[in-house]
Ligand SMILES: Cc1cc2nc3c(=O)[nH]c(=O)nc-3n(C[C@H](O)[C@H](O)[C@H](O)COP(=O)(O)OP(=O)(O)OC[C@H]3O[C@@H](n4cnc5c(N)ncnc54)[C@H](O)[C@@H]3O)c2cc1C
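Given as structure tokens, the chain that follows is alone and in the form predicted on its own.
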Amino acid sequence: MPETADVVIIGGGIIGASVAWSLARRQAGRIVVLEKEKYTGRGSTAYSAGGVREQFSSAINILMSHYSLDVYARFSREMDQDIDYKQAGYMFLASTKATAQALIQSVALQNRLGVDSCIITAAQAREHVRDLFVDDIQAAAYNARDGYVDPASICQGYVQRARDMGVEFRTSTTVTGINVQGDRVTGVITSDGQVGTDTVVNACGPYLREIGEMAGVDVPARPYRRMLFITEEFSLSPNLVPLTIDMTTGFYFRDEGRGLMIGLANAAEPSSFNTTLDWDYLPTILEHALHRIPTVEDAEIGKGWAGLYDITPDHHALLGAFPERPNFYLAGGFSGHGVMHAPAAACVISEIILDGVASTLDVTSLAPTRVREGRLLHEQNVI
């Protein structure tokens, strides 16, 4: 007989693994996760900066983070997996009147939604990061609960607990097609054969659009390269350095081992699947780094890596299904926020699939149809 499953999840990164766990704990039946890499969590999850924060400017992103950080705070205990959650904080720096005003408004919204972020002075920002240049800073925002985690450990925690409940993870398995009859998906074609199913979850990050095309839907998400560089041993503080973001330029940095992680998106780079580290772009990053942290001139760059963001037109996730494919669910388009929103996304997607609607959080604003309908959201705190 042909193989069948109640749910097939395409993508074995942090999103696919967390969705599998969430569905399994609700006894959703036989669940199969398909991952093209040799190991789970080896795609975009492995190349994430690992930042987790509640400091967003849209209500739904704030609420998604608030839920997820609650989960991460107890993850090691409940999932029996250490995730190296360092609550070093996040700090946003505004050097223009416009960005300062936007930052103040964002913090006010965060406070109304139960987030303990606050506006701090330039001098207070310098207390968090020694040698920080603050002469041009008009306002800064800080939240001590924010910080960073180990994405690979989170993914493996979800994978192991999902396996304990019977979920099957198939690695080195490439999806080559999707069967459709009428308006419904009926199965997934892979390099190892076919799996019949009535429920498919597209959780494959930068490959969302390609998998969507196989199902006959146009997914409004595109892959973009993001690069990080790590210095050799270099310290800015005896304490943990918060993940600090210059809102005017997009330059950011945080501790990474004994060194410093620095990054800056190349706004001129087109969409691609390119994950080659571009050392020629490093001088541009260092130019902004030297402005904000002059002493970084003494640091040596030791290594770096590149990964892919799956970015939507409004930098918000796509959660749910298109009406023309009601059993083909999207869990992606996180635009760099997949690690910090994985627990919330997994929870609401399992509710949408099993109950018909999400009840833990109202995520109707994240419906995939919003883009083609022109109901775009706005998020200013993106990097």
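Just count from 1 along the sequence shown to find any residue number. Quick caveat: nothing in here was measured; it's all calculated off a predicted structure.
Below: the form predicted in complex with the ligand, not depicted.
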{"query": "Any non-hydrogen atom of residue 36 within 4.5 angstroms of the ligand in the predicted complex", "finding": "yes"}
{"query": "Contact test in the predicted complex: residue 211 vs the ligand, heavy atoms, 4.5 Å", "finding": "yes"}
{"query": "Non-hydrogen atom contact residue 19 with the ligand in the predicted complex at 4.5 angstroms", "finding": "no"}
{"query": "Contact test in the predicted complex: residue 121 vs the ligand, heavy atoms, 4.5 Å", "finding": "no"}
{"query": "The unique member of 307, 223, 89, 220 whose heavy atoms fall within 4.5 Å of the ligand in the predicted complex", "finding": "307"}
{"query": "Full three-residue contact with the ligand in the predicted complex, heavy atom 4.5 Å, for 10, 47 and 50", "finding": "yes"}
{"query": "Segment assignment from 281-289, 132-140, 198-206, 75-83: heavy atom within 4.5 Å of the ligand in the predicted complex", "finding": "198-206"}
{"query": "The ligand in the predicted complex - contacting residues of 167-204, heavy atom within 4.5 Å", "finding": "173, 174, 175, 203, 204"}
